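There is one chain below, alone, in structure tokens, taken in the form predicted alone.
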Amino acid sequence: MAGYVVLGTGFGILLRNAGYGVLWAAAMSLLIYAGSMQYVGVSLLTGGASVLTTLLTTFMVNARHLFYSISMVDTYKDAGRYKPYMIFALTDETYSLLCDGKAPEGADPNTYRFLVSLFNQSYWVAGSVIGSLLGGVLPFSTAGIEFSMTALFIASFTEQWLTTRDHIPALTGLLSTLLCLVIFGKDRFLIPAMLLITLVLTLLRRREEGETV
């Protein structure tokens, strides 16, 4: 909640300063619900981006969610009526909370995952609305506020690094991303990096499965 409200507030402030009010903030957070893309969306709105540019940018920014989804297929396969919303609400932070597939003892796993997803979005919507309202009455410089999403990713990565002994996936992500950044440049490295990470981790997993057999 603390992370979502703070980040949502930052988005609401940016959107308000771009000339879009509280209804825009609420609607984007309810219907789009993609934190990093919503931050980018502010510049797309103010810059008058074309539909094609918006589609391509959205795909590039949110391409990582394709890989989240693949790893959650088995976890969500029996979700029933919860499944459509849980697929829509699979953000970075929700994935971090649910990727281990575990639920509290005595709780229905699907209900638990649904409620985690629902509460996370409610925190984001609340933060966006709060930020929009504050942006209208508390004028201040928003320079650098877009870095809050990057800060969240760094915090999530650090938390996972500290709570697990297996650092191979993290190192794979770092090295693959750095390599693709050097080869493809900062505007085109995201999708190649995702593909390379997936390939390396798949090969490592098959190797481990072969050794255990």
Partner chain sequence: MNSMHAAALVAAMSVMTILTRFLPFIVFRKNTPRYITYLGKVLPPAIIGMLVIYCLKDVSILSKPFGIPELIAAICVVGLQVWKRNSLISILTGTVVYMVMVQMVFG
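Residue numbers count along the first chain shown, from 1. Superpose the two forms; the largest set of C-alphas matching within 1.5 Å is the rigid core. Bear in mind that the values here come from a model prediction, so they are computed numbers and not experimental data.
There is another form of this protein, the form predicted in complex with its partner chain, and it is not shown here; the text below is about that form.
- Taken together, 45, 144 and 148 are fully in contact with its partner chain in the model of the complex: each brings a heavy atom within 4.5 Å.
- Put simply, residue 137 is far from its partner chain in the model of the complex: not one heavy atom of it is within 4.5 Å.
- Within 4.5 Å of any heavy atom of its partner chain in the model of the complex lies no heavy atom of residue 98.
- In the model of the complex, at least one heavy atom of residue 84 sits within 4.5 Å of its partner chain.
- The closest non-hydrogen atom of residue 157 lies within 4.5 Å of its partner chain in the model of the complex.
- Of the residues in 54-68, those that come within 4.5 Å of its partner chain in the model of the complex through at least one heavy atom are, in sequence order, 54, 55, 58, 59, 60, 61, 62, 63, 64, 65, 66, 67.
- Once both forms are fitted on their rigid core, the CA atom of residue 192 lies 2 Å or more apart between this form and the one not shown.
- In the core-superposed comparison between this form and the one not shown, residue 36 has its Cα shifted by less than 2 Å.
- Core-superposed comparison between this form and the one not shown: the CA of residue 26 stays below a 2 Å shift.
- Put simply, residue 97 and residue 164 spread apart in the model of the complex: their C-alpha atoms are 3 Å or more farther than in the form shown.
- Figure legend: C-alpha atoms of residue 62 and residue 191, shown here, are separated by at least 3 angstroms more in the model of the complex.
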